[in-house]
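Consider the single chain below, provided in structure tokens and representing the form predicted alone.
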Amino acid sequence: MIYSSIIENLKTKKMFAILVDPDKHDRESIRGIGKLAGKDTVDFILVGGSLVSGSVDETVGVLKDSTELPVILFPGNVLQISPRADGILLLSLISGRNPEFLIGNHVIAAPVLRKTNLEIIPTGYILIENGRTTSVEYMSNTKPIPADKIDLAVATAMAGEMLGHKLIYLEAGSGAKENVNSGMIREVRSKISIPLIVGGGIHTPEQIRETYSAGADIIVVGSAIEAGAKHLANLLGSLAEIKKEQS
């Protein structure tokens, strides 16, 4: 089970995930990502995006053929479901007030998901302001929590846990100018007991180290891997040492 393994792993180490957007990679680069993502650095691979026209199912299939790591869906909408994946982060955009992203899409997806063997992991998704309008902000028609409103982020995360979500995900958004600030990560981490994921705007080993030190249990990197295999290899090379530091 993916979630139980996350809980077990976090007892002794920090975790790291790569987000693959099917529209931003071809089959060759997806295959390369799968082969580069070793178990000593990457713990699982997410597939999805705010607006995806490429085949999620095909992307999942290529990854499954290229790696033994769990492949988990990170859906921007109900069309981004593949039964070939191992699990799905069932995202509720709890920082927004658009009912479609709080429950509407989930109602549509539920009968489909019930017919699959996907492990479903309810996840409270919190969008944080990062200095520019992101795809998820535009597509969801919601406003992010301002970066300086730490109290709002903390209260939202606490509510997400109380509602039964198994993970809290602080997201600055794809292509973010600024990642989620350390003060917010630290305060949210101190007020919840479930795993905390942080993503968006994280491109360098220094940012990874700072985000872990602030309290993130799991870091997700997406845009940073789109620079190519060499950049990904360099990032993962640094990551191995960083994870040892944080253990």
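Predicted model, so just to flag it, every value in this text is computed and none were measured. For every residue, the number given is its place in the sequence shown, counted from 1.
The following text describes the form predicted in complex with SN-glycerol-1-phosphate, which does not appear among the structures shown.
Contact stretch among 165-173, 110-118, 137-145, 82-90 - heavy atom within 4.5 Å of SN-glycerol-1-phosphate in the predicted bound form = That would be 165-173.
Select from the listed residues I202, I30, I185, V60 the one whose heavy atoms reach within 4.5 Å of SN-glycerol-1-phosphate in the predicted bound form.
-> So the residue touching SN-glycerol-1-phosphate in the predicted bound form, by this definition, is I202.
Does any heavy atom of V56 come within 4.5 Å of a heavy atom of SN-glycerol-1-phosphate in the predicted bound form?
-> Close contact is absent here: in the predicted bound form, V56 is far from SN-glycerol-1-phosphate, nothing within 4.5 Å, heavy atoms only.
Can any non-hydrogen atom of V221 be found within 4.5 angstroms of SN-glycerol-1-phosphate in the predicted bound form?
-> Heavy-atom contact with SN-glycerol-1-phosphate at 4.5 Å: present for V221.
Using a 4.5 Å heavy atom cut-off, state whether F101 contacts SN-glycerol-1-phosphate in the predicted bound form.
-> Close contact is absent here: in the predicted bound form, F101 is far from SN-glycerol-1-phosphate, nothing within 4.5 Å, heavy atoms only.
Flag L19 as yes or no: does it have a non-hydrogen atom within 4.5 angstroms of any non-hydrogen atom of SN-glycerol-1-phosphate in the predicted bound form?
-> Judged by the heavy-atom cut-off of 4.5 Å, L19 is in contact with SN-glycerol-1-phosphate in the predicted bound form.
If we check SN-glycerol-1-phosphate in the predicted bound form, which of the residues in 116-141 reach within 4.5 angstroms of it by a non-hydrogen atom?
-> If the 4.5 Å heavy-atom criterion is applied to SN-glycerol-1-phosphate in the predicted bound form, 116-141 yields only Y125.
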